[in-house]
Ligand code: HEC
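There is one chain below, alone, in structure tokens, taken in the form predicted on its own.
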């Protein structure tokens, strides 16, 4: 066996051993960071996919979740102790261009505790008991107001100017003038109006990063009447 292969085997065995030694109770506290975007209930998808029955699942492979990035779907990763530890360390390094807005957990002990908790909590039938015990509810990731300057949307950039909005099941797909389409869980996209001199021109809504925790983006229209006209139901 080459030195590189031996090193990889050693790292893998250490990762598995660390997960087995993790503190489940402490890992449940660490999971609060994840609970704003992920549920433990089967097929209850939020910003991110449900984590129920996660072990041995192919990355990007949950059929009920429609917002995976192409990068994750084509990664070929199977979730286990080793791959999840690497992912939790630095998702962008493991899968560049993935859609998860998460910088990673750098503390090895925290990852071990989280993995120990998730290994129990994602087993079939485990989610209801875990959710009740941890007290996760509708207030997680709720609406704390953010600050910041109100942008002038009279002349938006191509990446801000919305040309189409499609709604399918629990997902909005927003296409902008630069040709890109962005997928949002319906609770992460906030529809607003701005009739001021800084608001968008008629029939030219704009999308900007959200100023509320739990939201991912705001689409701002010139008037309420434009909202229903702009959104089409299309899968």
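Positions refer to the first chain, counted from 1. Keep in mind that what you see is a predicted model, and the values were worked out from it rather than measured.
The same protein also exists as the form predicted together with the named molecule; that form is not shown, yet it is the one meant from here on.
- Stretch-level contact check against the named molecule in the predicted bound form with heavy atoms at 4.5 Å: of 197-205, 164-172, 180-188, 49-57, the positive one is 49-57.
- At a distance threshold of 4.5 angstroms between non-hydrogen atoms, residue 67 is in contact with the named molecule in the predicted bound form.
- When the named molecule is considered in the predicted bound form, residue 112 lies well away from it, no heavy atom lying within 4.5 Å.
- In the predicted bound form, the named molecule lies farther than 4.5 Å from every heavy atom of residue 210.
- Residue contact check for residue 125: none of its heavy atoms lie within 4.5 Å of the named molecule in the predicted bound form.
- Of the listed positions (29, 193, 36, 43), a single one reaches within 4.5 angstroms of the named molecule by any non-hydrogen atom in the predicted bound form, namely 36.
- Each of 79, 84 and 105 comes within 4.5 Å of the named molecule in the predicted bound form, counting any heavy atom.
- Scanning 75-103 for heavy atoms within 4.5 Å of the named molecule in the predicted bound form gives 79, 84, 87, 88, 98, 99, 100, 101, 102 in sequence order.
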